[in-house]
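In the form predicted alone, a lone chain appears below as structure tokens.
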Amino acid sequence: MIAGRSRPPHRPARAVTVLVIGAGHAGLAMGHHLARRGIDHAILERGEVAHAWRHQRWDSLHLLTPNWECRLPGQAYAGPDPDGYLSMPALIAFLDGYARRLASPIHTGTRVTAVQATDDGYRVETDRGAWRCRALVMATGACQVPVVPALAEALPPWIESLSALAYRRPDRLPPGGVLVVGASASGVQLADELQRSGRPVTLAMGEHLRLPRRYRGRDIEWWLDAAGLLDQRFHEVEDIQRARRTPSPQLVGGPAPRDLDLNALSANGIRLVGRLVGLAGSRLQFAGSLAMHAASADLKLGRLLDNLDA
């Protein structure tokens, strides 16, 4: 008798009209609209629903948008604190509940490995079989790949370097001071948390955008919404490429509204330096542009508040 290795049975590619990759808020919202229109579809998710929110965010994170803005097609925040800011567990519960009520087939634990255009659509390979579809929606999010300076590879081995996606809380870092590179929303929040834990913190920054948490008695997001800025379509923006490079604003959510900008961080003892530009041996080098970028942020803030006043 000759024994040979058996081959797995060939499974033909499953076919749908629309395939959605990602079961975060964008993918779930797309599923809602497809189901309402009776378009056959499926949603593929590498892990669980809201996977990035579960596994790629730090423990204390709250949304920086107020709860009244937390809404998906057919579902809005209905809790007791519309002006508060959702914690990660609360946001995950919000998305979980939405997914359970959704009339969409969601295939969790399914990682997409390749996408190929075909004559009639796309062929999508996953670790659980292949799919064919006429239209493909990439709902994988805008912040899934960290931007790490190339000089990080040249850091001495005794310095631990990690991205915001890998950070969880201060006590998981080795003892000592911390350099936070980048002063957009994530950078200022992490610098603030690390400093409050008792660590010396240096914050390196380039171009940034600062906003007050509240203005004239209302959350700044209320003003942006009322002024129509949040409804602006891409074709209405004068310089779309520059707009896409605009840093996220220096805002923070949490148990109570508070400002979190360079003034607040400096007052709490955080050392502010310019943009990280180089490494010479074991010494980091920073640009001398801090004052220029801070003045530019103040100018932009002044223009925005003048527009809101008008």
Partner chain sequence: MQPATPIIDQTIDNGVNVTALLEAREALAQAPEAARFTWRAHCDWVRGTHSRTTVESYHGLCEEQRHKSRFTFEVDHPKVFAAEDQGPTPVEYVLVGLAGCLTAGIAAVAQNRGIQLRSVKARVEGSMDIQGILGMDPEVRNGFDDVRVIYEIDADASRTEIEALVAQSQKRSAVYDLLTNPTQVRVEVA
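Small disclaimer: the values here were computed from a predicted structure and weren't measured. Residue numbers count along the first chain shown, from 1.
One more form of this protein exists, namely the form predicted together with its partner chain; it is left out here, but the text below deals with it.
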Problem - Touches its partner chain in the predicted complex: V277 (any heavy atom, 4.5 Å) - result: yes
Practice task
Would you check, heavy atoms only and a 4.5 Å threshold, whether S289 touches its partner chain in the predicted complex?
Solution key: yes
Practice task
Indicate whether its partner chain has at least one heavy atom within 4.5 Å of a heavy atom of E207 in the predicted complex.
Solution key: yes
Problem - Contact flag, R242 vs its partner chain in the predicted complex, heavy atom cut 4.5 Å - result: yes
Practice task
Check, residue by residue, if A76, D171 and S186 all come within 4.5 Å of its partner chain in the predicted complex, counting heavy atoms only.
Solution key: no
Fill in the blank from the handout: In contact with its partner chain in the predicted complex (heavy atoms, 4.5 Å), from 103 to 111, 231 to 239, 122 to 130, 82 to 90, is stretch 231 to 239
Completion exercise
Answer key, its partner chain contact in the predicted complex at 4.5 Å (heavy atoms) among S248, Q285, S60, T65: the residue is Q285
Exercise for the section: Output the sequence-ordered list of residues from 288 to 310 with at least one heavy atom within 4.5 Å of its partner chain in the predicted complex. Expected result: G288, S289, M292, S296, L299, K300, R303
